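A single chain comes next, written as structure tokens; it is the form predicted on its own.
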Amino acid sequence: MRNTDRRSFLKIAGISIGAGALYRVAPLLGAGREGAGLSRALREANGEPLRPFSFVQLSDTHVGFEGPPDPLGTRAFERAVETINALPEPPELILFTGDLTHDTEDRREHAARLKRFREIAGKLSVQAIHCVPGEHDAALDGGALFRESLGPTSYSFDHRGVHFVGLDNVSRGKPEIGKEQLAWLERDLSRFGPSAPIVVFTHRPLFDLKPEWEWFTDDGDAVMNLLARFENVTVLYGHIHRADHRRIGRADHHAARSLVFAFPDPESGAEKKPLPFRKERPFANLGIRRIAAPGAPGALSIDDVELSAAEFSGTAGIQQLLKGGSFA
């Protein structure tokens, strides 16, 4: 098998819709016997043929958060659900990358916030919803209430030839994956060859983005070492409340926008202070991000367009901005 076939069989493109990011996954298999061989091998490895599909990443809904710097409450989350349900190409999956709720020491109130999260998320018209916790969901009780309400905090599954891995880097009282989860991850990945497409989703970044702002995972390097032998790795995370993309080694790391206040650019921001709320443009920090992958993985072109409620109205505005996109 030629390296060009193995390296180019997966195209992943993301569109941030102020509701996280919409990703489209398309196989770029080589033609002829080699491409057919790779397709067969992937099907044998994870049970499903590799076929195009789309999914959405949502993050940091913080249900229960009220007051400055963002008085919107759940309005942005509810707007995101309406937006996704109105997309002309419905996504098959939703991945939530943590901080679904805002933390509270009152267990009954926390349970009520999780219930409210499930009520809003349950309106999404998708095949499946998958969640991992953020520190606001799980740090106070080690993830106990999250597991009671939503299931395991780490797990994996296959979808249309892509292997998805949800990791928990918040429930241990410090930002780490931990030895037990690392051992499980090593076993989980062992059945795949290097060309298998892997999507990891977690809350905190798995690299040192800005440690002084707590934007890191202690043993993130150990995770990436386990993933180093794979040629197609995409890591999706939240926590930083802003869109961000880094290509590190052979892996692409994408952060989604939040559904509450945004944080400053880590490259230029002097302090981790939420950006101020703007009454005249309540969704000013939410927007459209088009990412196209016209060639090899990593060669992404990015087009950011801010979604302003004053200029574009609801789903009609989003569809207007998406119109004329370059995606096949």
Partner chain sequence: MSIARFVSCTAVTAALLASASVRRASADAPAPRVVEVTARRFEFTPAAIRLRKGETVTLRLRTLDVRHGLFSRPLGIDAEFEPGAARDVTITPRETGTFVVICDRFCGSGHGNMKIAVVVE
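Only a predicted model underlies this, so the values are computations on that prediction, with no experimental measurement involved. Numbering follows the first chain given and starts at 1.
Missing here is the form predicted in complex with its partner chain; even so, the following discussion is about that form.
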Quiz item: its partner chain isn't shown here, but in the model of the complex which of 249, 88, 152, 173 has a heavy atom within 4.5 Å of it?
Solution: 173
Quiz item: Tell me, which of 241, 79, 159, 136 has a heavy atom within 4.5 angstroms of its partner chain in the model of the complex?
Solution: 136
Exercise. Using a 4.5 Å heavy atom cut-off, state whether residue 105 contacts its partner chain in the model of the complex.
Key: yes
Quiz item: Does at least one non-hydrogen atom of residue 140 fall within 4.5 angstroms of its partner chain in the model of the complex?
Solution: yes
Quiz item: According to a 4.5 angstroms non-hydrogen atom cut-off, is residue 122 in contact with its partner chain in the model of the complex?
Solution: no
Exercise. Determine whether any heavy atom of residue 212 comes within 4.5 Å of a heavy atom of its partner chain in the model of the complex, and answer yes or no.
Key: yes
Exercise. With its partner chain left out here, work out from 96 to 104, 68 to 76, 193 to 201, 143 to 151 which stretch has heavy atoms within 4.5 Å of it in the model of the complex.
Key: 96 to 104
